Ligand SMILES: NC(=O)c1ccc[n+]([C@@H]2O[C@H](COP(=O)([O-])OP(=O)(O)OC[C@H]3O[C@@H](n4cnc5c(N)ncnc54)[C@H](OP(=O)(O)O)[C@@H]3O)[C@@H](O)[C@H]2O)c1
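The form predicted on its own is given below as one chain in structure tokens.
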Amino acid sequence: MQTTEVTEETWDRLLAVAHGGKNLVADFATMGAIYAPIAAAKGSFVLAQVGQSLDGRIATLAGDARDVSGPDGLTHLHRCRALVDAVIVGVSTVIADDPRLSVRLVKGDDPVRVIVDCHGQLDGNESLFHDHGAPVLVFQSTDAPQKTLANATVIRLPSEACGLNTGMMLQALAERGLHRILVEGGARTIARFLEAGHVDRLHVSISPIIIGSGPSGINLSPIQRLCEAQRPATTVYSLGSDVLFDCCFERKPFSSLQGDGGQCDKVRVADLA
């Protein structure tokens, strides 16, 4: 298991690289090996992140997800937010958690906030529409009822049998200059991007608690045999309070985007529940 220490100087350098500064030096150890691939990514890059318990849960059956991640796991999440252009969450996450999706625990700029609300469930009263924070984009199906959402831009896309096309969403974000993307949740949203092959890196942050029941962190289509569950090239880090599995994928290209993000073998992962 590796450890990583991100000093204030290191973090300033990572932020500078992520936002158009000089290129990284080769010594990733001094730059924070977890974060250097995100900051230095060229073209389109997609990171999926999930924080879960030892038994693979992200909340209780009642929906309480507060404090699943330890303090260092939360700091890691906020660092990831600060290094990307936009963060994506599904509508269920917004309804259940009313998240701010800010970087309040670390230095850096808040990413653009993107909500996947295929059927138009949001009513506009959610906090992120009124908190004067980073811009909000909402993806909806062209079949969803049209609503006015204050302080947000609604992007309507044709829906497929299982929802909105992840490639079309990434293309729409790229057209707005948003190339480094964090897919933060929930489990179904992360699974959609993984199964479409549109993830470069997957971060699974595990906190030493046992919840016992509740929703799992990643829900992919079922497999029959373990030999079907390919294993990504993975590096394990100690964050302090949590343990991080940094998993590398080779992402499928979508539309005209041919990002340089993934450099590892294409894999599928089984449900971690």
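Residue indices: 1-based, along the sequence shown. Small disclaimer: the values here were computed from a predicted structure and weren't measured.
Missing here is the form predicted in complex with the ligand; even so, the following discussion is about that form.
Open item on the list: So, Ala96 and the ligand: in the model of the complex, are they within 4.5 Å at any heavy atom pair?
Closed with: Output for Ala96 is yes: heavy atoms within 4.5 Å of the ligand.
Open item on the list: Although the partner isn't part of this model, could you tell me whether Cys248 comes within 4.5 Å of the ligand in the model of the complex, counting any heavy atom of the residue?
Closed with: Contact with the ligand, no.
Task: Non-hydrogen atom contact Gln121 with the ligand in the model of the complex at 4.5 angstroms - done: Close contact exists here: in the model of the complex, Gln121 approaches the ligand to within 4.5 Å, heavy atoms only.
Task: Interface membership of Leu239, the ligand in the model of the complex, 4.5 Å heavy atom rule - done: Answer no; every heavy atom of Leu239 is more than 4.5 Å from the ligand in the model of the complex.
- [ ] May I ask whether Ala59, Thr166 and Gly185 all come within 4.5 angstroms of the ligand in the model of the complex, judged by heavy atoms?
- [x] Result yes, every residue of the spot touches the ligand.
Task: Contact residue in the model of the complex, from Ala33, Ala65, Val243, Ala40 (heavy atom within 4.5 Å of the ligand) - done: Looking at the other structure, the residue within range turns out to be Ala65.
Task: One residue of Val199, Val116, Val87, Ala82 in contact with the ligand, assessed in the model of the complex (non-hydrogen atom, 4.5 angstroms) - done: Only one listed residue qualifies here, and that residue is Val116.
Open item on the list: Within 4.5 angstroms, counting heavy atoms, which one of the listed stretches 146-154, 171-179, 127-135, 87-95 is next to the ligand in the model of the complex?
Closed with: Correct option: 87-95.
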